[in-house]
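Below sits a lone chain in structure tokens, taken as the form predicted alone.
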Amino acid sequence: MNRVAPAQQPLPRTVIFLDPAHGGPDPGAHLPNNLLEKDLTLAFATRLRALLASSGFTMVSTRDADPTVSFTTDQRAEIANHGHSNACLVLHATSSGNGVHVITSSLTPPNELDGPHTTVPWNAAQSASIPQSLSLANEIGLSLQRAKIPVILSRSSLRPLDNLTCPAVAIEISPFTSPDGDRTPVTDATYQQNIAKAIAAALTSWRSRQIPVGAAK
């Protein structure tokens, strides 16, 4: 007698917002090999988008090319919030430091006594998502550690992080210095891909913990 395999539960529709920082007339930092931060963050977002899409995530992004006019931080936050994103990643790069810096907002969660209908200021919109943002940052940090990539977790008042209404982190990619002193520049394609794989793995794990199966929109 043939057995019918049980139907697989569909993955929940998880929307990931990617914000490659800078763009257009805002070049960001000047990196090695005459590369601009705005170009590196866009290239990294493209790598990460491909990995996440293949894992069933729905992607929303502030840009997939270099625009003539860049979005303001308020506009970037509005795109994320109106897209009903489940998680937001703001991408940066620097030529200093070592490994990856994962930043969450330094805002505090709202007081439980405030009540559900309390008006939240625009610059404190992230406050309600702080516990989930810290959980996401920790998941990304652990995944980067498993990939042997140095990681620093910190908190800071940073826009558009403070204006986002979903779990959100800023990710700043730095060069990698190995224990024996070899230095991999932030512009190295293989290094970027390894970071992207670790972040994609973290988001897949985080999705399974945060969003119950069957909660597809």
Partner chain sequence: MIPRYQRILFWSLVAGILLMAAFLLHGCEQAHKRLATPNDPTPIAAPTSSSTEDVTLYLANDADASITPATESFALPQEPSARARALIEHLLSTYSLPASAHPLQGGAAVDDVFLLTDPQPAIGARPGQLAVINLRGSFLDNHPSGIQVETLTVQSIIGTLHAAFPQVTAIRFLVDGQPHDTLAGHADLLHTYPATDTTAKPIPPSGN
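All values reported here derive from a predicted model rather than from experimental measurement. Numbering follows the first chain given and starts at 1.
One more form of this protein, predicted together with its partner chain, exists but is not displayed; see below.
Novice: Heavy atoms within 4.5 Å of its partner chain in the predicted bound form: does Val120 have any?
Specialist: The answer is no: Val120 has no heavy atom within 4.5 Å of its partner chain.
Novice: Give a yes or no for Ala170: in the predicted bound form, does one of its heavy atoms lie within 4.5 Å of a heavy atom belonging to its partner chain?
Specialist: Output for Ala170 is yes: heavy atoms within 4.5 Å of its partner chain.
Novice: With the partner left out here, check for me: in the predicted bound form, does some heavy atom of Pro185 sit within 4.5 Å of its partner chain?
Specialist: Although its partner chain is absent here, Pro185 would stay clear of it in the predicted bound form, with no heavy atoms inside 4.5 Å.
Novice: Using a 4.5 Å heavy atom cut-off, state whether His101 contacts its partner chain in the predicted bound form.
Specialist: Close contact exists here: in the predicted bound form, His101 approaches its partner chain to within 4.5 Å, heavy atoms only.
Novice: Have a look at 187 to 195, 45 to 53, 23 to 31, 58 to 66 and name the one stretch with heavy atoms inside 4.5 Å of its partner chain in the predicted bound form.
Specialist: That would be stretch 23 to 31.
Novice: Is every one of Asn81, Lys148 and Ile199 in contact with its partner chain in the predicted bound form, taking contact as a heavy atom within 4.5 Å?
Specialist: Checked in the predicted bound form: no contact with its partner chain for any of the three.
Novice: Sequence order please: the residues of 122 to 155 with a heavy atom within 4.5 Å of its partner chain in the predicted bound form.
Specialist: The stretch 122 to 155, when checked against its partner chain in the predicted bound form, contributes Asn138, Gly141, Leu142, Gln145, Val151, Ile152, Leu153, Arg155 at the 4.5 Å heavy-atom cut-off.
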